[in-house]
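Here's a solo chain for you in structure tokens, the form predicted on its own.
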């Protein structure tokens, strides 16, 4: 088991390394994409500065809590998109028959496919996340927890992308599901969880699991609870397991397009 896990990590690290090497052929473009993403995220904080000039507390959140929330949202997005950018266009790979390239390789099909491309600008999201952490006051335990929650939240984001993309195995025009789910995850992640009540809050912890991506992690950073942290880790494992199951179940229905393109 551990040998298999080590093998999967090696696949991810090598795929990421070669993808970065390709992108770094144009260093100016690479660095500008990262910089402008950081700048874009910083510009979004301005609206919160205006709001907190009018009101000192929003849904129980102070301004530094908002910065932490934005850092968590950007970090989870950045983690998922930087390492697994192709997961967010999985639907097109399935519909176009582009999975052929990965089926003939002696590697995990899903992992090879989703890690074959990095999201350059997403690196800016990751850097922005840690800038926000520093601005809110950082300690070693907080840094470690923040990093752990970026990974768990990123895994959940990734899982939703795989699940929604895998619908294309059954429905030809399901790319709208992929786009909508991604948009909803981003939209709800940048608002305090306290403003959502009743059925909406239930939905945000189930069908659109933003609660486990940002709401709960931020609460744990502010008020740590070991049991809740273990639940969060278990939920992230559950989601990626479900996503993997759905992908391979759908792969049985995959129709090759006989499209063979060499990958280096």
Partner chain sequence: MKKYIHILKAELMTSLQYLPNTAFGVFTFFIFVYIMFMVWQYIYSNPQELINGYSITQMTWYLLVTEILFTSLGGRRFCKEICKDVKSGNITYNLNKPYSYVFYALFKHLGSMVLKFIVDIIIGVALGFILIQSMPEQTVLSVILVLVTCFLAELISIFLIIAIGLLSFFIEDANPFYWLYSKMILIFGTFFPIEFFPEYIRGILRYSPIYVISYGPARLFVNFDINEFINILIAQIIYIFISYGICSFLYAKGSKRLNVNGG
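From a predicted model like this one, the values you see are computed outputs, not experimental measurements. Numbering follows the first chain given and starts at 1.
Keep in mind the form predicted in complex with the partner chain is missing from the figure; the text below concerns it.
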{"query": "Contact residue in the predicted complex, from 234, 202, 226, 44 (heavy atom within 4.5 Å of the partner chain)", "finding": "44"}
{"query": "Contact residue in the predicted complex, chosen from 109, 148, 184, 95 - any heavy atom within 4.5 Å of the partner chain", "finding": "184"}
{"query": "Contact stretch among 175-183, 96-104, 137-145, 158-166 - heavy atom within 4.5 Å of the partner chain in the predicted complex", "finding": "175-183"}
{"query": "The partner chain in the predicted complex reached by all of 33, 37 and 51, non-hydrogen atom within 4.5 Å", "finding": "yes"}
{"query": "Contact test in the predicted complex: residue 206 vs the partner chain, heavy atoms, 4.5 Å", "finding": "no"}
{"query": "Exercise: residue 91 in contact with the partner chain in the predicted complex, heavy atom 4.5 Å", "finding": "no"}
{"query": "Proximity of residue 117 to the partner chain in the predicted complex, heavy atoms at 4.5 Å", "finding": "no"}
{"query": "4.5 Å heavy atom contact, residue 63 and the partner chain in the predicted complex", "finding": "no"}
{"query": "Interface residues of 51-87 toward the partner chain, as seen in the predicted complex [heavy atoms, 4.5 Å]", "finding": "51, 54, 55, 57, 58, 59, 60"}
